[in-house]
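The data below hold one chain only, encoded as structure tokens and taken in the form predicted on its own.
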């Protein structure tokens, strides 16, 4: 049985409005994880980072991996971070007006998502990051910018312009400027980071290169949905670009919202998904496998459980009813709103 204090700590983690986020499922996930015996864990597709943070709260030594840069910074700032916070001097450096600041965001995204002063704020903070050497402080600043942008964007996705006014329902989040959201995020993050005496790591890389010598691997990969798509780059390209100031990234300037070129993952296609899961289970077969999946995805739970049984002697399928809130139009909401969430455990 998980302790109340552990769950309270995990639930303090902010709810980022990211597709497939498991934040609202943390109590259920924590009950299942706490019934398993392990000391080290890999969150192989860390996403928003809430499960990695839960694993740390459970007293495990955690490695968090994702191939997205903004996901890396979230876990580096809030899970791998050994208790380093941003002080007044750090904020003064980040917020100081920098005459040498670039204009990439101001020029590229003018009139698309944020007001001119907000775009300048992001350009300016990025210029000042050159003076921040500590990797955890850098990740805290980048993560605070990421959260500020998610809070300010009406639906949390970057497929539509945030300046149209169509989705402005008067919420406080839409009234605050990015600097105000940034400062609130810094305050929240400073209260979340802590040292538990263990060394945790955040990694930005391909899952098939992630370290396999751990007791438990939590897998929450993208899946092929019945409709629409599962592309994080499509929805969160601005956050991904912001996390490294678009360095080395191909901006599709012909697109209305200046999207990034899509990153390939075999989990996104019917022709390659099942083979990708086989590779995944094979790579981590010496670890306890905990696969998070959904009833509206492909392959189905029966196929995934059967595939896991080729590597694990005991496989248990846990189910939980869940409602997602990330749909961007009515057809998606009707299709995906209520699903069965699975945790397929192989020991």
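Residue numbers count along the first chain shown, from 1. Treat the numbers as computed from the prediction; the structure is a model and nothing was measured.
Although not depicted, the form predicted in complex with a small molecule is the subject of the following passage.
Position in contact with the small molecule when the complex is considered in the predicted complex, options 111, 205, 82, 87, heavy atoms within 4.5 Å: The residue in contact is 205.
In the predicted complex, the residue from 135, 211, 154, 222 that sits within 4.5 Å of the small molecule by heavy atoms: When the small molecule is considered in the predicted complex, the option within 4.5 Å is 222.
Non-hydrogen atom contact residue 68 with the small molecule in the predicted complex at 4.5 angstroms: Residue 68: yes, in contact with the small molecule in the predicted complex.
Heavy atom of residue 265 within 4.5 Å of the small molecule in the predicted complex: Judged by the heavy-atom cut-off of 4.5 Å, residue 265 is in contact with the small molecule in the predicted complex.
Close approach of residue 218 to the small molecule in the predicted complex, 4.5 Å, heavy atom: Although the small molecule is absent here, residue 218 would touch it in the predicted complex, with heavy atoms inside 4.5 Å.
Exercise: residue 287 in contact with the small molecule in the predicted complex, heavy atom 4.5 Å: No, residue 287 stays farther than 4.5 Å from the small molecule in the predicted complex.
Stretch in contact, per heavy atom within 4.5 angstroms of the small molecule in the predicted complex, of 68 to 76, 115 to 123, 252 to 260, 140 to 148: Selected range: 68 to 76.
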